[in-house]
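First, one chain by itself in structure tokens, the form predicted alone.
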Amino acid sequence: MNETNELAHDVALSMEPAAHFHLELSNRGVEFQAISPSPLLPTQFLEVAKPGDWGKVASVAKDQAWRWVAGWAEDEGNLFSVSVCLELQGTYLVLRTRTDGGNPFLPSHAPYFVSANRPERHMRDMFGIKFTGHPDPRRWTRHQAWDSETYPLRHAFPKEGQSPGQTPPDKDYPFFKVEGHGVFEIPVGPVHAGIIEPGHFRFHAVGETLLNLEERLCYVHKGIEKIAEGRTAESLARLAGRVSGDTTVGHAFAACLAMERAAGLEVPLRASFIRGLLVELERVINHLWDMAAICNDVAFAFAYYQFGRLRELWLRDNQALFGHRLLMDRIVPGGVNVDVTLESSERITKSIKFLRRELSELVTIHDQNSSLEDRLVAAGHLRVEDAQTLGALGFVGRSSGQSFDVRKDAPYSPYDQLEVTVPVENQGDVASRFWVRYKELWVALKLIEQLLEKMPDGEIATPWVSPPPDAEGLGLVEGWRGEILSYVRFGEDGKISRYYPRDPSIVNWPALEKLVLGNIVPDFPVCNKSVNGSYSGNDL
């Protein structure tokens, strides 16, 4: 390499987001060391030596426009470790520090990143880690199921839980108060009239105009993180597929990717292509159902029926071709357990042609319905700057100018071999969230065709090889709601020591509190459906 090329190489390296971050940390006097968990893991890991520097880390990340992706903690006996994942320009960075197990506390990241607020409250409730400077001292996950000194994710807490009798009602939760002439509260939930999962929404309104919305979630704590401990890799993949049942493929894909990276295991290319096919099929059925539900919430029953009918046809294809309507348990560590035959490829191709024809007719009817337009356009407006501040993901973010898509910006197999288009709009209203879903449907159909056309020959799975103790991995997948993160650490005998899944709903739920402001109360259902956050994916 000549002198000019060497200089260009050095400049290119210095322009990497992580390099800038390292340099700024050093300039701030922050001591850290690099960790490399796996040669197959493209994410950098940094350990911050002093817990007191944790706030400086957030300040530097904020200044450099990193996105706060997720945060999780681990019980290490006499210490607790806390990790956060950041992203900038498709580069992921995991930061970690440790705090004393007897009196665990760290500076909060929430003053710098809105998306850190609820995850830090979750860590506080489940581990007892105090985050100094956090703007909200109220419990989030625990509700009344445990007393104030019980922390379920500490090792001392039994996996089978405790049975103190009937859990008292959570009637004294200090909701935010709004006072003034003509202001009144509207409590909705947590039990709803439909079959949706429990969640409480506390509105403040003047007349029918909404002034404030506060969410209260986590009523159904499933114990996903706790019951993951001690599982085999195969068992964890099945558990991951049940974090949120409508995203069974996405979560299983992310968990398996994390485990495979921890184990240094390469998945056969054919298996990666089938995984991509399955996750795109999942995207199609969910976008169809969301579009149906949005129309139903404004009494456009015709479109509700038609989009639902099309979804049902694809669900039946899933059952016939892959053995499960929702494609559950099709992704396993090392690959997949179902293949794509010539006959199944032909049937999927036929279904794509039929769906395109049907969608083209339906969208014309939809677009010409003035009463529908009146209910969707300008309703539930999420400003571009608010979406950016919140780190909104998937169709929620892309309807408000946020273009990030893991498949394109941090591509993983098979998407590193495909052409991925990311539809983005700036209107930020319910109509925009409908149309982004519609455009993503067409993108998914094109991707499915690419996957079938380029499907390589070969095996569909690699035998699983248990990684050594403390091996860790991070899986990042673009699910139908947006970016899914899965963190895995292995313990002894190849069993899971720590599993943390972050559904995109954990990030997107706060967007609902923003976008309903100034709307009328009757528009809340369609605003809510246009976001469609997963209760289950949030309530780990």
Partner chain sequence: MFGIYRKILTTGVLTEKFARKKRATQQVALESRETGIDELGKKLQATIDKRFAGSLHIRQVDAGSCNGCELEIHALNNVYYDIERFGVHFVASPRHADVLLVTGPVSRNMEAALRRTYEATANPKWVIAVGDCGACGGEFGVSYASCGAVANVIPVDAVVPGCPPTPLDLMRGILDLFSC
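Here the structure is a predicted model, which is why all the values come from computation and not from measurement. Numbering follows the first chain given and starts at 1.
This next part talks about the form predicted together with its partner chain, which is not shown.
- With a 4.5 Å cutoff on heavy atoms, T462 does not count as touching its partner chain in the model of the complex; it lies far away.
- Although the partner is absent here, Q166 sits close enough that one of its heavy atoms falls within 4.5 Å of its partner chain in the model of the complex.
- By the criterion of a heavy atom within 4.5 Å, A444 is excluded from the residues contacting its partner chain in the model of the complex.
- Residue contact check for S244: one or more of its heavy atoms lie within 4.5 Å of its partner chain in the model of the complex.
- Checking E160, D147, D457, E453 against its partner chain in the model of the complex, a heavy atom within 4.5 Å turns up for just one residue: E160.
- In summary, among the residues F127, F105, Y219, Y112, the only one with a non-hydrogen atom within 4.5 Å of its partner chain in the model of the complex is Y219.
- Partner contact region in the model of the complex: 324 to 332, out of 324 to 332, 270 to 278, 250 to 258, 378 to 386, criterion any non-hydrogen atom within 4.5 Å of its partner chain.
- Although its partner chain is omitted here, in the model of the complex none of R283, D429 and Y500 has a heavy atom within 4.5 Å of it.
- Taking its partner chain as it sits in the model of the complex, the stretch 406 to 428 never comes within 4.5 angstroms of it through any non-hydrogen atom.
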